[in-house]
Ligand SMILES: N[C@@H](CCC(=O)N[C@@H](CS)C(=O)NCC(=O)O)C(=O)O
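A lone chain, given as C-alpha cells: the form predicted alone.
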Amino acid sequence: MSLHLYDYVLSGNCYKVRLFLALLNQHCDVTAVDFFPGEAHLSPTFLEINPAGTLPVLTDGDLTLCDSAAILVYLAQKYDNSGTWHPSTDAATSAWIQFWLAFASKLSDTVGQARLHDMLNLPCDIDATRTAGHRALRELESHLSEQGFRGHRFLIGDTPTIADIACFPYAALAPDGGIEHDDYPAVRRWLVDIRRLPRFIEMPGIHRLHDQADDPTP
C-alpha cells in the first residue's frame, strides 16, 4: 500500500498536507488536479474519488480522506514515530489541537477567501472578508504573544504539532489577499519558526527563510 495525494499546488489546504508529509519524511505519490482554470475537481472521474469535489484527497490503500484536518490527524497517528505531532495522552493538549484545527478553517474562510479573490478573481465582499481575516490574525497574535511570554514557540508548547501545520499556510499567505503581517509581530515570529523546521518545503507565496525581508525573532 502507498499514500497517494490529489493535489493543487496553489491550495493552502493541499500544501499543509504536502508540508506535513515532508516534515515526517514520508513518501507520497502525488497527482496534480487542474483546479483552476480547468475545474478538473468537478470532472466525473474526480467525483468518483471524492463526490464532494474538494481538495486535498489522500488515499492509503482502501482508505480515502477528503478533509485536510482529518488527513493531518491520520498521518500523525499512523506515520509519526515520535508521537509529538498529535499527542494523545493529555486531554488538554488533544482539546487544544482540536481547537486549532477548527481555527484553521476560520483562516481558510477569511484570509484564504481574500486570497482567492485577489489571485483568481473569485467573487466575495472583499472589504468584509479582509476585516474578518484581520480579526482572525489578531486572535492568533494574541495567543502567540501570551505563549511568547511563557517561553513557548508554537501554538501549544515548545514543539510543533499538527495545530501549527494546519494554521500555518493561510496565515503565511495572508498578503496574497491584501492582509499584511505588519501589525502581527508574534505571528511573524511564529511563521519564521515554522520555516526553520527540518525538511520544510515551500509553495508559491511562501519563500525560503533566507528570502524573508526580516527576522522578528530576537
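The first residue of the shown sequence is 1; numbering continues from there. From a predicted model like this one, the values you see are computed outputs, not experimental measurements.
Although not depicted, the form predicted in complex with the named molecule is the subject of the following passage.
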query: Which of 152-160, 59-67, 22-30, 176-184 lines the interface with the named molecule in the model of the complex (heavy atom within 4.5 Å); finding: 59-67
query: 4.5 angstroms heavy atom contact with the named molecule in the model of the complex for residue 43; finding: no
query: Residue 190 within 4.5 Å of the named molecule in the model of the complex, heavy atoms; finding: no
query: Residue 55: touches the named molecule in the model of the complex, heavy atom cutoff 4.5 angstroms; finding: yes
query: Residues from 166-196 in contact with the named molecule (non-hydrogen atom within 4.5 Å) in the model of the complex; finding: 170
